[in-house]
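Given next, in structure tokens, is a single chain: the form predicted on its own.
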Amino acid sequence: MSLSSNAYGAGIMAKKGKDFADEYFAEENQVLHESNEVVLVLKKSDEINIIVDEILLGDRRSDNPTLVVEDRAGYWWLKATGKIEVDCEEVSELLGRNFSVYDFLVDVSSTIGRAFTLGEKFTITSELMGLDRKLEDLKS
């Protein structure tokens, strides 16, 4: 379990009873805060374990240093600032067999953010597609 301040059970969620209520109902917390955080919950499987261990926490770790991964029994709970992206062509090369973005989607349990697929890439982002970033299309 992570002790990161970015983790699921950190901050106000670590408090209980009156301490939680005092902070939750504090005047400064009664306004809407904009957030760039995204969350991806993946069902554990042999392929997903490899994606998390070898790609997200391995080769691609430097791409997103804000990524926090927590082991939640049958699920991986991932949280990051801005974006989490999985390239299923890269997963196919790692596995030594075809693994499509549709295979990946079977194990996506929940998301917070704007999730989309483009080709063989799965992306969840905090950006407003078409407003914050120009819409992309498949290159033929």
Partner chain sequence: MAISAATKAATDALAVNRAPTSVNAQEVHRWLQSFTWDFEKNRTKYPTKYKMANQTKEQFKLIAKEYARMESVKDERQFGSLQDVLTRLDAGNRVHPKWGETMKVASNFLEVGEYNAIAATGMLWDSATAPEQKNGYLAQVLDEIRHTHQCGYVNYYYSKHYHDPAGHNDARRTRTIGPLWKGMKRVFSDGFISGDAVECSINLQLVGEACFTNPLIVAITEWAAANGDEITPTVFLSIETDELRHMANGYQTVVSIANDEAASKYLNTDLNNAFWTQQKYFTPVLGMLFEYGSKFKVEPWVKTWNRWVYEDWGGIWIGRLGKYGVESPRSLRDAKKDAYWAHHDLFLLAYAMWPTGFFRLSLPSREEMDWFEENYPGWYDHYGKIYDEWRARGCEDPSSGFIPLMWFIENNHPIYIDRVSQVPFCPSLCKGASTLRVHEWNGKKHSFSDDWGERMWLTEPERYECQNMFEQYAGRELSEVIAELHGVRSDGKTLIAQPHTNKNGKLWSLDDLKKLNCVFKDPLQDL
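Residue numbers count along the first chain shown, from 1. Heads up, when I say rigid core I mean the largest set of C-alphas that superpose within 1.5 Å between the two forms. Small disclaimer: the values here were computed from a predicted structure and weren't measured.
Keep in mind that the form predicted together with the partner chain is not shown, yet the notes after this line are about it.
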### Task
Using a 4.5 Å heavy atom cut-off, state whether E47 contacts the partner chain in the predicted complex.
yes
ask   = Does the 4.5 Å heavy atom contact test between V52 and the partner chain in the predicted complex come out positive?
value = no
Is K83 one of the residues lying within 4.5 Å of the partner chain in the predicted complex, judged by heavy atom distances? no
In the predicted complex, V69 touching the partner chain (heavy atom, 4.5 Å): no
Contact check, 98 to 124 vs the partner chain in the predicted complex, heavy atom within 4.5 Å, ordered by sequence, gives S100, V101, Y102, D103, L105, V106, D107, V108, S109, S110, T111, I112, G113, R114, A115, F116, T117, L118, G119, E120, F122
- Does superposing the core leave G119 with a CA shift of 2 Å or more between the shown form and the other one? no
